[in-house]
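This document starts with one chain, in the form predicted on its own, laid out as structure tokens.
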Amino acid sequence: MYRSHSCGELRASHITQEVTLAGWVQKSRDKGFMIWVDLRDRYGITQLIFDEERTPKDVFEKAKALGREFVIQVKGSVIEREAKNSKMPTGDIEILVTELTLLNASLLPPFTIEDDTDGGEDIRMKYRYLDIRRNPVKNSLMFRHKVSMEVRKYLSAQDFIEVETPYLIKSTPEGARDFVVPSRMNEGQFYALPQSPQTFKQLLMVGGMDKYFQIVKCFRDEDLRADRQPEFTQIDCEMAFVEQEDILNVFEGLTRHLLSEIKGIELEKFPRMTYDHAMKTYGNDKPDIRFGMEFGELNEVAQHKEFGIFNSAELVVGIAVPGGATYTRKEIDKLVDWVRRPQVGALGMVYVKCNEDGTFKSSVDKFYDQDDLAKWAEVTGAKAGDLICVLSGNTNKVRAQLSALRMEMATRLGLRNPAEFAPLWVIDFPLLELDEETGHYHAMHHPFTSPKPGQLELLDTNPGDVKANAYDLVLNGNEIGGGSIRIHDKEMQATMFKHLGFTEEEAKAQFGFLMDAFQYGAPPHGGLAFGLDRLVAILGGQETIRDFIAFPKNNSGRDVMIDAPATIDEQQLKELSIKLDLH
């Protein structure tokens, strides 16, 4: 038996007991005649004491040779600690060691294994197995486990069945780039790793499974950001014989269950917002509604003067920044520089200070009088002491730019409280999205999304006006889940493929198996997938997902710990009939 107790378990009630512990040496303090060692395992830290008078001599000498992260086993008795530590659960006791066994020595770690480490991100990624010993990462992984267990508990109670679907599937041209896997036994042919189990879960509905879920790995070969990884985990769900309302109720229930069980927060029914309203009011389809700063469209009150920049703009729009009238000219100039950055892309910014005495001071006083600026304040909801920030230009671009500014100002003002949770359903998305470069439409969600009832005929006349029977769940300005009612009719699916530019032959080659299945009594069905990594991070009060993944990739999609991706040897390439031309 390596241990009778964990290092986080012992209390004053255990005093006088003989115990056996095992773990890692967190730190050691040698006073010559007395040595204290902090012993750590997953459960906590217990202080060990080696006393020259009370500890066997050979054990005492072994203790002197211990280094950080040595793996040891000790036996001894629990005694009362003289200098108690109220910050530690085990702070009332210590172990008077009588036996010490070195289970494994350790090199000196390249960074300190403590909550506040001296290791930078790159070195910690390289030695991730050491980083996991630190409480912030360890606790994040344990938190993820807790969320996953609550998901399974809730869905199982709702009669969902967990079913595994294949990882080696067929590559399709929709969505992001696939990771492909060459097949040795089928020369010149490739599998793809799934971007989602979409078609398989629909086939499970055809198969009569009725309610399916899976916590599943998905893969996308796309550009990376702080909240993206080439492999990620979804809570993937599908239901048969349902309408949109049924799905929203079930998965709103799941989210409320997680907030209640994990965070102790009880929320009422989630608000709902159409896609069009979200874009007009917040500039994006995943608005953070923990704070205001809603958009005010100013065309009617700003395009009647001789200010050519506004007059030529498709949209003039502004937000009121609370308390911003105190900003100096230098601070406002820095804000203008911020919106001009390539990441935002605005050409400039007009501002209006709403003074406490009811007057206004703007960067366009030459063109607009006090009555004009008062109307701007009314439209944007600005109060005395606020700063109105105004951008103009192409509608889609300027909304995205002002949305970025809104989020930046909220962050600076401390309005994005990670302990506050504001969920929101966004509904009535466009079914199709126009690619401005090619002039072709593509599916905004995926090609299996059903149009809203009664809108199918619009595909031939006004495809951009067709609304999808689709919905996203947003939490604190992040999309945590999305889904739709699916097409379950072969003819409607064929019509959708046609409008997406597929020939009949292409549609049959790519998705013939699904079209065939629809001929055998496919029920009405729909579903939703949560991004587990992102959901866990937000519930954990973080915006980035990396610490909630055991072995993440870096921003270049590399695992620097195992040095992957990597080349493979010539023999493997030959067996796969692959010839590389890197020139």
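Start at 1 with the first residue shown and count on from there. Keep in mind the model is a prediction, meaning the values are calculated, not measured.
Absent from the display: the form predicted in complex with a small molecule. The rest refers to it.
Only one of A529, V37, I549, A537 comes within 4.5 Å of the small molecule in the model of the complex through a heavy atom, and that residue is A529. Though the small molecule is absent from this view, in the model of the complex it lies within 4.5 Å of a heavy atom of just one residue from R399, K353, R486, R406, which is R486. H257 falls outside the set of residues with a heavy atom inside 4.5 Å of the small molecule in the model of the complex. Residue contact check for G385: none of its heavy atoms lie within 4.5 Å of the small molecule in the model of the complex.
When contacts are judged by a 4.5 Å heavy atom cut-off, K201 counts as touching the small molecule in the model of the complex. In the model of the complex, the small molecule lies farther than 4.5 Å from every heavy atom of Q73.
Per the 4.5 Å heavy atom criterion, the small molecule in the model of the complex is contacted by stretch 441-449, the sole one of 163-171, 287-295, 441-449, 104-112. Relative to the small molecule in the model of the complex, residues R272, P430 and N469 are all farther than 4.5 Å at every heavy atom.
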